[in-house]
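Form predicted alone, single chain, as structure tokens, below.
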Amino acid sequence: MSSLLVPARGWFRAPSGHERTWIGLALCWCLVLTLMMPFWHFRGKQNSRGEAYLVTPAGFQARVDKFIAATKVGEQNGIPVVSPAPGGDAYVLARMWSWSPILKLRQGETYRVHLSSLDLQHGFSLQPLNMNFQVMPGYDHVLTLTPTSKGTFTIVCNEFCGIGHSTMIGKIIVE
């Protein structure tokens, strides 16, 4: 019942000494971070430019199928491997619990990568880089990529999408 009682007079004491210093430092740091957010939004190269379009899942699936038919160069574990033309469009489709197709890109060339989902929200996380995007059904999110190093990069779904979530792994191969 003591929580219902009014506190005794004089219970509050204003911050003093080191406590005031730490509060001041915390406030200054909050201001610095607040000012850095717009700076990194406009100057940081890790941000998407926000290009996105409305699309039906069936319409995006049709574009992906046409893209695969035109650019397929192989297959890995039943997933098509495609090599889009530099400067062109590439498509990556998310669905429970897979990414398709595997992209084979050239180092130093620029590509427009279209991302969408057939079923529910997924997270596109390109490892070991720090690229993270939400992939939603009904939206075609376009990323402009210019690979700067060779290697195999893993696409991981970082948005829980069901029981097979841990197996939702794709690839981008840069040659």
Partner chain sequence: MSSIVQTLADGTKRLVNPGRVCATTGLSVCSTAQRFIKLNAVAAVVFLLVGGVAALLLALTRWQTVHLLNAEWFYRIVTLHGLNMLIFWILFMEVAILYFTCTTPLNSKLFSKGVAWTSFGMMLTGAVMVDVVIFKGQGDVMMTSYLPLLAHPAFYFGIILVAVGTLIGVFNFFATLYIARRDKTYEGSMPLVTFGALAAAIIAVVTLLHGAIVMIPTFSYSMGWTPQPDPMWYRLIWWGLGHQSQQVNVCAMVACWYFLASVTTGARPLNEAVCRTAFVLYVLFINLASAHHLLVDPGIGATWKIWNTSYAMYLAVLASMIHGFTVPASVEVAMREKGYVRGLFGWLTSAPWGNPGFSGFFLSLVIFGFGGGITGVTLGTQQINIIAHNTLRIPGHFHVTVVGGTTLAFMALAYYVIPLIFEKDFIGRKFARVQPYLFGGGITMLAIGMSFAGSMGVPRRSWDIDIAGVYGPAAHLMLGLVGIGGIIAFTGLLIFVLLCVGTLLFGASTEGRAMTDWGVAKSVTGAPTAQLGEHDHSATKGTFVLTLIFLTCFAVYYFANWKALADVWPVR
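Superpose the two forms; the largest set of C-alphas matching within 1.5 Å is the rigid core. Residue numbers count along the first chain shown, from 1. Not measured: the values here are computed from a predicted model.
What comes next is about the form predicted together with its partner chain, which is not displayed.
Asks: Wondering, does residue 141 line up within 4.5 Å of its partner chain in the model of the complex on heavy atoms?
Replies: Looking in the model of the complex, residue contacts with its partner chain include residue 141, since a heavy atom lies within 4.5 Å.
Asks: Does any part of residue 64 reach within 4.5 Å of its partner chain in the model of the complex? Heavy atoms only, please.
Replies: Outside the cut-off, so no.
Asks: Is residue 56 a contact residue for its partner chain in the model of the complex, using a 4.5 Å heavy atom cut-off?
Replies: Close contact is absent here: in the model of the complex, residue 56 is far from its partner chain, nothing within 4.5 Å, heavy atoms only.
Asks: Does residue 68 reach its partner chain in the model of the complex, with heavy atoms at most 4.5 Å apart?
Replies: Residue-level check for residue 68: no, no contact with its partner chain.
Asks: Using a 4.5 Å cut-off on heavy atoms, which residues of 16-34 contact its partner chain in the model of the complex?
Replies: Sequence-ordered list: 16, 17, 18, 19, 21, 22, 23, 25, 26, 27, 29, 30, 31, 32, 33, 34.
Asks: How about residue 15 - superposed on the rigid core, does its CA move between the shown form and the other one by 2 Å or more?
Replies: Yes.
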